[in-house]
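The chain below stands alone and is given in C-alpha cells; this is the form predicted alone.
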Amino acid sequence: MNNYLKLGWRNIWRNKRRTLITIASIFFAMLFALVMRSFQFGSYDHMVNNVVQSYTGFIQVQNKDYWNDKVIDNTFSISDSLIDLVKSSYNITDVVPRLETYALASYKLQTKGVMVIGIQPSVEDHLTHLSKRIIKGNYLDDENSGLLVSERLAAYLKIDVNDSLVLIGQGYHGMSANGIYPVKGIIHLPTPDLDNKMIYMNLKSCEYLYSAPDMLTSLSLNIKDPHDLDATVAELSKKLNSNTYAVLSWKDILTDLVQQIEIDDYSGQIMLGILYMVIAFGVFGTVLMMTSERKREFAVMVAVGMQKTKLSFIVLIEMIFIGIIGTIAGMIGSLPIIIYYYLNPIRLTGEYEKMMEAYGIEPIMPMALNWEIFLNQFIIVLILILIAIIYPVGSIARINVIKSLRG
C-alpha cells in the first residue's frame, strides 16, 4: 500500500502545472462555497435566535384556541402540576409562564398600540436574557409593579425612566383594564418589530390589570438540544390533553420565517450547484488530459506485467490526493474569513437595512462556525472526484496495448 501511495504522490507532481490548475479550481470553489454557506447558515441562526430567544422560545404550550384567536379569553389556568408535567421532559430546561395581550399606551400627547407581556422576571431572564438588554434603568423583580419599555417604543412615546405610562385595554371576559405604571427600565430588543411595541410587566401585576388571576396565554419553553425539537414537541403533545392544550414549535409559530429560510436555502443550493459544476469540469478536464497524455505510459506498464486493476488503483490515489489537497487548502483559506465575520458580523445599511427590518430582523450578517458545513463540502468534492475517475479507470480497462505503444 505504501508503494501505491508513493507512486500516486510522485505521479501528480510530474506535471505540476496541470496539478496546480486542478487544485486551484477546487480551492476557489471550496472557498466560495464555504464562505457562502457560512453566511447563509449564520443568517438563518441569527434570524431564529432573534425571535426564538428574544420572544417565542423554542416551544410554546397554549390554549388550543389561542393560536387562531389571540384574545385574552383564550387563556388557561397555571398550576404546579402542569409545570411539573412539562418539566418532566428530558429536553426541557426552562418553563417560562406568560400572559400576553394588547393595550393602548399613552404618555402625554403620544399614544400607541402595544403588546403587553406579564412575566416572572427571574424565570423570563433564563430564556430571553432581558436583564442584559437593559440600556437604562433597572430590571424588574418578582414583586416590582413597574414596566420595561422597549427602546424604539420609548423613543416614539418620548418617555423615560421613572415617568408614568397609562395602559388602557380590555381584560378577561370583557372586564375593563386601565392602569398607570412607572417605567423602571428601557430595553433594547434585537428584532425591530418587537422593539417597536413591547412592554414587560410583572406577571401578578398583569393578571390584576386584566382581571385574569392565575391565567396564562402561554408557557414558553427552552430546550437543551434544538436538533431534538420535533421529538420534544411530540413527547409533550402525548403528555398534555389535546382538548385543552396545543403544543407548538417555533416553526409552527414563525411560518413566514421558515418559508423565507427555505426559499433562501434553495437559491443557495443552486449557487452551490454552479460552483460544483466548476469543480466537476475542472477535475474531469484534468482527468481527460491525464488519460490522453499517459496512454503510452499505461500501455508500457501493462505490457511489462502491471495488472490493470492495480494501475487503476494508482490513478484513483492520484485523484484523491489532488482532491484532498484542494479541499483542505480551501478549508484553511476560508477559516480566517469565517472566524473574523463570526466574531465581527457585517452590519447592513441603506436599503438592505430597511429590508431586514421590514422582516423584523436585526440588520446584521454573521457567519456560522459549523463543522458540518466543512464536512459536507469535503464529502461532496470527494464524490465528484470518484465520479470523474470512472473515465480513466474505464480507459485503462479497455486499453489496447499494441495500438497505444505504436501511438
Partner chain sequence: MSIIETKKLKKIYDDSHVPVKAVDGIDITFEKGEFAAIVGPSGSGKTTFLNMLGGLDNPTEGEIIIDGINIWDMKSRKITDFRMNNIGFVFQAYNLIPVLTAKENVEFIMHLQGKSKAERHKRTRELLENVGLGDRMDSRPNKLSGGQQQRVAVARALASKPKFILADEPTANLDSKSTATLLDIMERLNEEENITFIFSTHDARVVKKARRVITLEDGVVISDEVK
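Everything numeric in this text was worked out from a predicted model, so none of it was measured. Residue numbers count along the first chain shown, from 1.
Form predicted together with its partner chain: not shown, discussed below.
- Item | Residue (of I325, M306, I337, V258) lying close to its partner chain in the predicted complex, criterion heavy atoms within 4.5 Å | None of the others qualify; the residue that does is M306.
- Item | One residue of K310, H126, R152, K295 in contact with its partner chain, assessed in the predicted complex (non-hydrogen atom, 4.5 angstroms) | Exactly one listed residue reaches within 4.5 Å, namely K310.
- Task: Please check if V401 has a heavy atom lying within 4.5 Å of any heavy atom of its partner chain in the predicted complex.
- Result: Result yes; V401 sits at the interface with its partner chain in the predicted complex.
- Look up in the predicted complex whether L194 has a non-hydrogen atom within 4.5 angstroms of its partner chain, and give yes or no. No.
- Message: V300 versus its partner chain, in the predicted complex: is there a non-hydrogen atom within 4.5 Å?
- Response: Result yes; V300 sits at the interface with its partner chain in the predicted complex.
- Does N11 reach its partner chain in the predicted complex, with heavy atoms at most 4.5 Å apart? Answer yes; at least one heavy atom of N11 falls within 4.5 Å of its partner chain in the predicted complex.
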